[in-house]
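For reference, the chain that follows is the form predicted on its own, supplied as structure tokens.
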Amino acid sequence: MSQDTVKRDRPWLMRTYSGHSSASASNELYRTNLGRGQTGLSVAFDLPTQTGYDSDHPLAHGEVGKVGVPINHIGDMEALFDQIPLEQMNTSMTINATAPWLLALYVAVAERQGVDPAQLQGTTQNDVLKEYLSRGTYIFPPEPSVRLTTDLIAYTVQNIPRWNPTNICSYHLQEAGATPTQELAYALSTATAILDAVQASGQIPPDRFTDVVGRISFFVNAGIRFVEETCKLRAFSRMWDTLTSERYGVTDPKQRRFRYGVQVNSLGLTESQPENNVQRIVLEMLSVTLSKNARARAIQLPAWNEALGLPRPWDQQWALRMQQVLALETDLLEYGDLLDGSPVVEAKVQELIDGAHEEMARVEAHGGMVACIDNGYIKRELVQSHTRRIRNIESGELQIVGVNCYQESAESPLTAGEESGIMKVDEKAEREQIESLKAFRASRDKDKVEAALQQLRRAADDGSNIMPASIECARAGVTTGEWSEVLRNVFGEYRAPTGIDISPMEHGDSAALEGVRNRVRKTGEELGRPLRLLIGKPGLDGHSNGAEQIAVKGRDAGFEIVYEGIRLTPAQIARAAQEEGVHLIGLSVLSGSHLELVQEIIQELKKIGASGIPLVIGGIIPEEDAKILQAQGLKAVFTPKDVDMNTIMNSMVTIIRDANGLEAAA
């Protein structure tokens, strides 16, 4: 067959994950990206929106527009999609606890555009179970959260048939430390838990249940071990086909197809020599495109500089161009599956399947996926896997170029200049968003708002599907915070297990660790009691992996650890530090709100007379901001380049000794 007659496969849907500052700024970014050849939208919402707070809520301070777009009401959603015809768009929304609400707003905006909601295409992530294990944007306890997930699925299958109502996310499990086997097992266990809940709800007639199965999609991660990752995707496809056939009786092969989108690994992106992230991203993209029979249906790639801060539009364009070069310039899409018949691939796929089945059986033995969130089984397993990875990096067993080997480097021109290679959110964005919100509230018909909220309360109380009442709330001008507050009052709130109660893990760094232990012990003896360290997660940032690893390492080094998990207010952190008598406070902030939150914590410590407790912070913190924080009195700023936790622990001991007037060396 000549090159002119080769039939190429259609490329996958190409997206970039984006949103920042305000609905209008994000709309401009979306229209720019679509003009550059992007074929779908992937909307990032800010943390207040994800956790159900309006932009003027005290907990939202410093978080508005930082890691996504703030959406408080239908006016914001309308501005977000201005001049974007929703009947033509495939929109993915990364939203979970508030997924019914954001979809309700999307439907209401479609109505205003004159679009029949039945025409809408896209995805609500709507996998709240992984939020208790990784991202931390849950609100309610697991059971009512599953109910909300179920309601959205049932509603869309019946009313928006081309919508993907849930996107089971193994992506975030890998970011939290999951091995490929765990990623398979926990994602498929989540999928069965949700499908079983939909089936048990009785909202879908038995003869239509296969339609539910056919709409389930997945959001998968792909790391740098691209051969293993390719095999993982082939294993996913095979296991899903078997599971849907045997457990749910699906006979149509199309409804059994493993449909997934992907963002390749962000956990492996490095702050050190960040230019190396480009080849990492490209290699990881190969793992989800190489095997035709397990190829991703949609791909969004991180930008090379995400370990430094917020990517600029140009950085996102670069990530999009990577996809376009692979899809359009190479011959990848001209051939059948390149890996079929490979004994090496087949053996690895079978090994992953066998391991995943064993782990799924353990989940079932512990009571199933929802029970394993409550009892902490899966969280402990993920923390342990992540700890093992960190120990391997510390010991050099796992080599990361530019981080623990080949560290010599010329200065990168990519990070030169005033911007330092990242985008800064306009400081006025939060203030303007709050002013806009207040004006919107003042313009509403209060009677309509209250009537819609009453309808929502009744639905939450009596078990009715939450979607019709949520859509009515969207039309009436209810805000994100008002919608969530009604459900908080009905369902309550929840704090998930931290998973740090795992057994100590000795490794090749044991000699270095023993040196830290001696310093911790001797310093405690000099001060008359064991050293105590508080790990604090202020604000709404739920990415707790780093905080958990510091807590585990600190405990292994001999510190007494105070760690209560995510979403603490500055006042709570200051009070806990005083009441627990800690020697040092270690803050973890990855959402870009470090300047505002640190300032508040310093003020709270002063209020209660505890300003003598030294503060350190870890997170994605630009160098310019690190200098500001240190000028405010922080004793150390740790960023992703600081991978040697023994060094971090030693630094904290030195800071404690200095704060207490002891000589630097123990």
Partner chain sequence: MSLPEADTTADFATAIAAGDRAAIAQALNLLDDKRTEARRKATALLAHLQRDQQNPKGQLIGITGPPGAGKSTLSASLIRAWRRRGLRVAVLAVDPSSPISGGALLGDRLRMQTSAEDDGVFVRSLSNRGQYGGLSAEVWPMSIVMLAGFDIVLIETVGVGQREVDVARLCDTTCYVAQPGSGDSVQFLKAGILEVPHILVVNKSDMGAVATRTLSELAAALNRTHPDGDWQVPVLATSAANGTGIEALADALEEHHQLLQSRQQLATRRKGYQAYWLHKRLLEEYGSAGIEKLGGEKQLLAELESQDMNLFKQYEALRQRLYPDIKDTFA
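Numbering follows the first chain given and starts at 1. Please read all numbers here as calculations on a predicted model, not as lab measurements.
Below: the form predicted in complex with its partner chain, not depicted.
S.K.: Using a 4.5 Å heavy atom cut-off, state whether residue 59 contacts its partner chain in the predicted bound form.
M.R.: So residue 59 does not count as contacting its partner chain.
S.K.: Would you classify residue 495 as touching its partner chain in the predicted bound form, given a 4.5 Å non-hydrogen atom cut-off?
M.R.: Answer yes; at least one heavy atom of residue 495 falls within 4.5 Å of its partner chain in the predicted bound form.
S.K.: Though only this chain appears here, would residue 504 touch its partner chain in the predicted bound form if you measure heavy atom gaps against 4.5 Å?
M.R.: Contact check for residue 504: yes, within 4.5 Å of its partner chain in the predicted bound form.
S.K.: If we define contact as a non-hydrogen atom of the residue within 4.5 angstroms of the partner, is residue 551 a contact of its partner chain in the predicted bound form?
M.R.: Heavy-atom contact with its partner chain at 4.5 Å: present for residue 551.
S.K.: Counting non-hydrogen atoms within 4.5 angstroms of its partner chain in the predicted bound form, say which of 171, 559, 186, 106 makes the cut.
M.R.: Comparing distances to its partner chain in the predicted bound form, the residue within 4.5 Å is 559.
S.K.: Could you spot which one of 555, 448, 475, 348 gets a heavy atom to within 4.5 Å of its partner chain in the predicted bound form?
M.R.: By the 4.5 Å criterion, the partner-contacting residue is 555.
S.K.: For the chain seen here without its partner, which of 108-116, 80-88, 155-163, 522-530 has a heavy atom within 4.5 Å of its partner chain in the predicted bound form?
M.R.: Partner-contacting stretch among the options: 522-530.
S.K.: Between 574-596 and its partner chain in the predicted bound form, list the residues on our side with a heavy atom within 4.5 Å.
M.R.: Contacts from 574-596: 575, 576, 578, 579, 580, 581, 582, 583.
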